[in-house]
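In the block that follows, a single chain appears as C-alpha coordinates, in the form predicted alone.
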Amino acid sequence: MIKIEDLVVRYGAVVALRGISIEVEAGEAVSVIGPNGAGKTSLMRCLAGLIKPSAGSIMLDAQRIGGKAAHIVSRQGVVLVPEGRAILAPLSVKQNLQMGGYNQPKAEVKASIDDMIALFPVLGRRLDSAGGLLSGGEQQMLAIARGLMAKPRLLMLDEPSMGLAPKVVDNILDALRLVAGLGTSILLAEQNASLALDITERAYVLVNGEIVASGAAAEVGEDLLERYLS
(Lines give C-alpha, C1' and ligand atoms only; values in the text may rest on other atoms or scores of the structure.)
Protein backbone atom coordinates (compact mmCIF):
# COMPACT_ATOMS: atom_id res chain seq x y z
CA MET A 1 0.00 0.00 0.00
CA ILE A 2 2.74 2.45 0.95
CA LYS A 3 6.20 2.24 -0.53
CA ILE A 4 9.18 4.32 0.55
CA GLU A 5 12.28 4.24 -1.63
CA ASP A 6 15.71 5.77 -1.01
CA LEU A 7 14.29 8.30 1.45
CA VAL A 8 16.70 10.98 2.64
CA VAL A 9 15.89 13.57 5.30
CA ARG A 10 18.32 16.35 6.15
CA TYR A 11 18.27 19.12 8.72
CA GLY A 12 20.88 21.44 7.30
CA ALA A 13 24.16 19.56 7.43
CA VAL A 14 22.69 16.80 9.61
CA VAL A 15 21.43 13.72 7.74
CA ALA A 16 18.65 12.02 9.73
CA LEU A 17 17.70 9.36 7.14
CA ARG A 18 20.21 7.98 4.67
CA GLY A 19 18.35 6.52 1.71
CA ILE A 20 16.04 4.05 3.48
CA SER A 21 13.39 1.89 1.79
CA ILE A 22 10.32 0.51 3.60
CA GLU A 23 7.03 -1.05 2.50
CA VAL A 24 3.74 -1.58 4.31
CA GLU A 25 1.06 -3.71 2.66
CA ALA A 26 -2.67 -3.17 3.09
CA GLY A 27 -3.81 -4.59 6.42
CA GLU A 28 -0.24 -5.22 7.61
CA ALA A 29 1.36 -4.21 10.91
CA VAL A 30 5.03 -3.24 10.54
CA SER A 31 7.48 -1.95 13.14
CA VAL A 32 10.54 0.26 12.88
CA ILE A 33 12.72 -0.37 15.90
CA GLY A 34 15.87 1.42 16.87
CA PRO A 35 17.62 3.39 19.60
CA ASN A 36 16.95 7.00 20.48
CA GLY A 37 18.22 9.24 17.68
CA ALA A 38 18.04 6.53 15.03
CA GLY A 39 15.72 8.58 12.80
CA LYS A 40 12.37 7.00 13.67
CA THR A 41 10.60 10.28 14.40
CA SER A 42 12.04 11.90 11.27
CA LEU A 43 10.61 8.99 9.26
CA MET A 44 7.17 9.33 10.80
CA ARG A 45 7.06 13.11 10.43
CA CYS A 46 8.17 12.86 6.81
CA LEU A 47 5.50 10.30 5.98
CA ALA A 48 2.87 12.49 7.66
CA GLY A 49 3.85 15.53 5.60
CA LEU A 50 5.24 17.51 8.53
CA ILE A 51 8.72 17.71 7.00
CA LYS A 52 9.76 17.41 3.37
CA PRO A 53 12.06 14.68 2.12
CA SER A 54 15.43 15.79 0.78
CA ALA A 55 15.45 12.90 -1.72
CA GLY A 56 13.64 9.67 -2.47
CA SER A 57 9.97 8.87 -2.94
CA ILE A 58 6.91 8.06 -0.84
CA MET A 59 4.11 6.38 -2.78
CA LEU A 60 0.60 5.52 -1.61
CA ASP A 61 -1.04 3.09 -4.04
CA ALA A 62 1.39 4.27 -6.72
CA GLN A 63 0.47 7.93 -6.07
CA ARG A 64 3.27 10.20 -4.88
CA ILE A 65 2.59 11.76 -1.48
CA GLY A 66 6.14 12.66 -0.44
CA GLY A 67 6.43 16.39 0.09
CA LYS A 68 2.68 17.04 0.19
CA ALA A 69 1.23 19.08 3.06
CA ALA A 70 0.14 17.27 6.20
CA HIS A 71 -3.57 17.98 5.78
CA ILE A 72 -3.50 16.50 2.26
CA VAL A 73 -1.64 13.40 3.42
CA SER A 74 -4.15 12.96 6.25
CA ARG A 75 -7.09 13.20 3.85
CA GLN A 76 -5.48 10.49 1.75
CA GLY A 77 -5.54 8.19 4.76
CA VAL A 78 -2.08 8.46 6.36
CA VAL A 79 -2.40 9.57 9.99
CA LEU A 80 0.27 10.05 12.67
CA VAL A 81 -0.10 9.61 16.43
CA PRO A 82 2.99 11.63 17.40
CA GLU A 83 5.53 11.11 20.11
CA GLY A 84 4.37 13.14 23.11
CA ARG A 85 0.70 12.66 22.09
CA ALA A 86 0.03 16.36 21.22
CA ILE A 87 -3.27 16.37 23.09
CA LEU A 88 -5.16 19.68 22.88
CA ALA A 89 -4.99 20.18 26.64
CA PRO A 90 -7.71 22.85 27.14
CA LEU A 91 -10.25 20.95 25.05
CA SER A 92 -12.38 18.15 26.41
CA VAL A 93 -11.88 14.52 25.47
CA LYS A 94 -14.98 14.75 23.28
CA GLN A 95 -13.68 17.88 21.54
CA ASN A 96 -10.30 16.24 20.92
CA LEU A 97 -12.09 13.32 19.29
CA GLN A 98 -14.24 15.64 17.21
CA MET A 99 -11.07 17.39 16.00
CA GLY A 100 -9.74 14.02 14.87
CA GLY A 101 -12.86 13.48 12.79
CA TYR A 102 -12.89 16.92 11.15
CA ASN A 103 -12.55 15.37 7.69
CA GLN A 104 -15.49 13.01 8.25
CA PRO A 105 -19.16 13.75 7.58
CA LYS A 106 -20.76 15.21 10.72
CA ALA A 107 -23.36 12.46 10.73
CA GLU A 108 -20.60 9.86 11.15
CA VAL A 109 -18.62 11.59 13.88
CA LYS A 110 -20.93 10.61 16.76
CA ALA A 111 -20.90 6.96 15.70
CA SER A 112 -17.11 7.10 15.44
CA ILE A 113 -16.86 8.52 18.97
CA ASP A 114 -19.00 5.63 20.18
CA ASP A 115 -16.58 3.24 18.47
CA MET A 116 -13.64 4.88 20.22
CA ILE A 117 -15.36 4.57 23.60
CA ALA A 118 -15.89 0.88 22.91
CA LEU A 119 -12.19 0.55 22.12
CA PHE A 120 -11.06 2.63 25.13
CA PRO A 121 -13.88 2.58 27.75
CA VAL A 122 -12.03 4.95 30.08
CA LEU A 123 -12.52 7.75 27.54
CA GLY A 124 -16.27 7.35 27.83
CA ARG A 125 -16.01 8.15 31.53
CA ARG A 126 -13.90 11.23 30.85
CA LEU A 127 -15.66 12.74 27.82
CA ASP A 128 -16.21 16.11 29.47
CA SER A 129 -12.78 16.25 31.14
CA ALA A 130 -10.08 18.51 29.72
CA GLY A 131 -7.50 16.51 27.81
CA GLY A 132 -4.71 18.01 29.88
CA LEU A 133 -6.18 16.55 33.07
CA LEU A 134 -5.92 12.95 31.88
CA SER A 135 -3.20 10.61 33.05
CA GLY A 136 -0.37 9.77 30.65
CA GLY A 137 -1.98 6.47 29.72
CA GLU A 138 -5.37 8.07 29.17
CA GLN A 139 -3.78 10.75 27.00
CA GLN A 140 -2.10 8.08 24.87
CA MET A 141 -5.44 6.30 24.44
CA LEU A 142 -7.02 9.62 23.47
CA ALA A 143 -4.24 10.33 20.97
CA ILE A 144 -4.74 6.93 19.32
CA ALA A 145 -8.51 7.32 19.32
CA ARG A 146 -8.21 10.81 17.82
CA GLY A 147 -6.04 9.36 15.04
CA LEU A 148 -8.55 6.60 14.38
CA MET A 149 -11.38 9.16 14.14
CA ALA A 150 -9.93 10.09 10.74
CA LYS A 151 -10.55 6.51 9.57
CA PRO A 152 -6.96 6.09 8.38
CA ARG A 153 -5.74 3.50 5.93
CA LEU A 154 -2.32 3.70 7.60
CA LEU A 155 -2.07 4.56 11.30
CA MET A 156 1.46 5.54 12.34
CA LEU A 157 2.42 5.52 16.01
CA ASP A 158 5.63 7.10 17.29
CA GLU A 159 6.80 5.60 20.61
CA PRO A 160 3.29 4.89 22.01
CA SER A 161 4.66 3.06 25.07
CA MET A 162 7.01 5.84 26.21
CA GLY A 163 6.65 6.66 29.90
CA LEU A 164 3.67 4.39 30.50
CA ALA A 165 3.14 1.68 33.11
CA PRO A 166 3.28 -1.92 31.80
CA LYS A 167 -0.42 -2.55 32.51
CA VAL A 168 -1.42 0.54 30.52
CA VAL A 169 0.86 -0.50 27.68
CA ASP A 170 -0.81 -3.93 27.63
CA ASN A 171 -4.24 -2.29 27.29
CA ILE A 172 -3.03 -0.12 24.43
CA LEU A 173 -1.46 -3.11 22.66
CA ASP A 174 -4.69 -5.07 22.94
CA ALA A 175 -6.51 -2.17 21.28
CA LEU A 176 -3.91 -1.95 18.50
CA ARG A 177 -4.23 -5.68 17.83
CA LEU A 178 -7.97 -5.19 17.44
CA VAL A 179 -7.44 -2.23 15.09
CA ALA A 180 -5.00 -4.25 12.99
CA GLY A 181 -7.42 -7.17 12.93
CA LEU A 182 -10.07 -4.90 11.43
CA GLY A 183 -7.79 -4.15 8.46
CA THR A 184 -6.11 -0.86 9.31
CA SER A 185 -2.43 -0.88 8.36
CA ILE A 186 -0.08 0.07 11.21
CA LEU A 187 3.45 1.45 11.16
CA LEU A 188 4.88 1.45 14.67
CA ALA A 189 8.10 3.20 15.71
CA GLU A 190 9.45 1.93 19.02
CA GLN A 191 12.59 1.70 21.15
CA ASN A 192 10.90 -1.16 23.03
CA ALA A 193 11.79 -3.93 20.59
CA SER A 194 10.04 -6.80 22.37
CA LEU A 195 6.79 -4.82 22.47
CA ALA A 196 7.00 -3.87 18.80
CA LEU A 197 7.83 -7.39 17.65
CA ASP A 198 4.96 -8.79 19.68
CA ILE A 199 2.26 -6.97 17.72
CA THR A 200 3.74 -6.57 14.24
CA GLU A 201 4.31 -9.01 11.40
CA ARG A 202 7.48 -7.51 9.96
CA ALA A 203 10.20 -5.30 11.38
CA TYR A 204 12.91 -2.95 10.19
CA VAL A 205 15.88 -2.12 12.42
CA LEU A 206 16.89 1.53 11.99
CA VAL A 207 20.26 2.70 13.33
CA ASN A 208 21.91 6.06 12.61
CA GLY A 209 19.48 6.77 9.79
CA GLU A 210 20.05 3.47 7.99
CA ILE A 211 18.12 0.19 7.79
CA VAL A 212 20.58 -2.39 9.12
CA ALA A 213 18.20 -5.38 9.12
CA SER A 214 14.64 -6.35 8.22
CA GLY A 215 12.43 -9.41 8.11
CA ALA A 216 9.55 -11.23 9.73
CA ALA A 217 9.11 -10.07 13.32
CA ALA A 218 9.31 -13.63 14.63
CA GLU A 219 12.70 -14.07 12.97
CA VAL A 220 14.43 -10.98 14.38
CA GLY A 221 16.93 -12.62 16.70
CA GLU A 222 18.10 -11.61 20.16
CA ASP A 223 21.68 -11.33 18.90
CA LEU A 224 20.61 -8.73 16.35
CA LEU A 225 18.72 -6.70 18.93
CA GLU A 226 21.56 -6.91 21.42
CA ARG A 227 24.05 -5.80 18.80
CA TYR A 228 22.15 -2.69 17.76
CA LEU A 229 19.77 -1.80 20.60
CA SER A 230 21.60 -2.60 23.83
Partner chain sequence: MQQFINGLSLGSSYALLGIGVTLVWGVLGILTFAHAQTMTIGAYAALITLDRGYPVIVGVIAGLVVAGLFSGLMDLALFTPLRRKRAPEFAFVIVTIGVSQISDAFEASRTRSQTLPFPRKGFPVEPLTLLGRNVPRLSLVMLVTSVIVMAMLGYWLHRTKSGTAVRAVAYSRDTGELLGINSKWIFASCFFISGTLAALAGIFLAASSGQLSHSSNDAILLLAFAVIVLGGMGSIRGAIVGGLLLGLVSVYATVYVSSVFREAVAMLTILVVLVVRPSGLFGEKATTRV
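Every value quoted in this text rests on a predicted model; they were computed, and no experiment measured them. Numbering follows the first chain given and starts at 1.
Missing here is the form predicted in complex with its partner chain; even so, the following discussion is about that form.
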{"query": "Contact stretch among 41 to 49, 185 to 193, 164 to 172, 24 to 32 - heavy atom within 4.5 Å of its partner chain in the predicted bound form", "finding": "41 to 49"}
{"query": "Within 4.5 Å of its partner chain in the predicted bound form, all of 111, 120 and 134 (non-hydrogen atom)", "finding": "no"}
{"query": "Close approach of residue 178 to its partner chain in the predicted bound form, 4.5 Å, heavy atom", "finding": "no"}
{"query": "Its partner chain contact at residue 129 in the predicted bound form, heavy atom, 4.5 Å", "finding": "no"}
{"query": "4.5 Å heavy atom contact, residue 70 to its partner chain in the predicted bound form", "finding": "yes"}
{"query": "Touches its partner chain in the predicted bound form: residue 100 (any heavy atom, 4.5 Å)", "finding": "yes"}
{"query": "Stretch 114 to 153: residues contacting its partner chain in the predicted bound form, 4.5 Å heavy atom cut-off", "finding": "146"}
